[in-house]
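Okay, so here's just one chain, in structure tokens, the form predicted on its own.
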């Protein structure tokens, strides 16, 4: 079997683990890297990528995340296109225009997102959780340089919501603020999706158009974009608040590109390399925090699997799909509120042996149910692993 891999920009976090699994399976591949200025229109890319498909025979095209132009090139030649997405939602304007292309097999890790697309008729969108290479992570040694009580690896999502809020009228601004405030600290229910609709976006865009400010009059926002910036704003609030609450009690080290001014009780450590340094953070931390991006409605984020796959102890907010293989207090620790997160951090900081037992159990479950071997079998065979 021969696969043409499309790699966006500098590459995805999971690219190396994916190609390692392809090599283990004896699958040959060629990788093309490119960065779009416009994900829906790029004549140069279409010409060059199409020429490669014409000149060589490939059994399938593969990418981490979904790209319309890759789909269009494959569709024009009848070559199967496999996309395995770890972004949720996908940052693809007008995604539904190409999502139903006949050659597409698009796998997403959030079951509720998949159900939403399937209800719209996109039967080629399927559910597949993300994966971890536990054997690779196990080979990375503990490093005392990364020792900490509590750690968090992730972004603070410097949302563009304030730009949009400034152009809204009072009624729209109050509505958006009310929905965001209602979503804060709520897990297992995506309020933003429930209360933001096309009618609200029409009102917001009408307010932009009626503005006295020429810059505001030129603005417009789609429903998906507005929901994302609201979710990002809520996530930023939750991450800063919870980490600050924990930072008043413990040494909390945060690995992130951003340095939010509101964060005064945590230690900002800069970024860490995904393959080599991040596993050392997870191994060296008594407690590893996962605070999920709010628009991930049901799925297990990559970071949560990375933590457990490295043998780290995970304290995470509730996500519905965690219940399929993990149990609170047995293979991870789950919180449903800020207060419960602090209480559980207090408890597990005092019970080292219990933390270690839970971390070991979590690692074994990830190795059994969330391996690249299992996932790649589903992707290449064209099935859907929804038995998880």
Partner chain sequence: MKVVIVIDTAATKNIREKAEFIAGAIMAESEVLDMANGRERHENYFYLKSLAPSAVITLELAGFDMKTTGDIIAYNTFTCPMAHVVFDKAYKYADRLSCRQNLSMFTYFNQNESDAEVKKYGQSIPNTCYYADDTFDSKAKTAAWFEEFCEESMVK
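Residue numbers count along the first chain shown, from 1. The model shown is predicted, which means the values in this text are computed figures rather than measured ones.
Although not depicted, the form predicted together with its partner chain is the subject of the following passage.
Its partner chain is not shown here, but in the model of the complex it comes within 4.5 Å of a heavy atom of residue 37. Taking non-hydrogen atoms only, residue 271 approaches its partner chain to within 4.5 angstroms in the model of the complex. In the model of the complex, residue 337 stays away from its partner chain, with no heavy atom inside 4.5 Å. When its partner chain is considered in the model of the complex, residue 16 lines it closely, a heavy atom lying within 4.5 Å. Of the candidate stretches 56 to 64, 328 to 336, 28 to 36, 341 to 349, only 28 to 36 contains residues with a heavy atom within 4.5 Å of its partner chain in the model of the complex.
For the partner-free chain shown, 43, 44, 45, 47, 48, 49, 52 of 38 to 69 come within 4.5 angstroms of its partner chain in the model of the complex, judged by any non-hydrogen atom.
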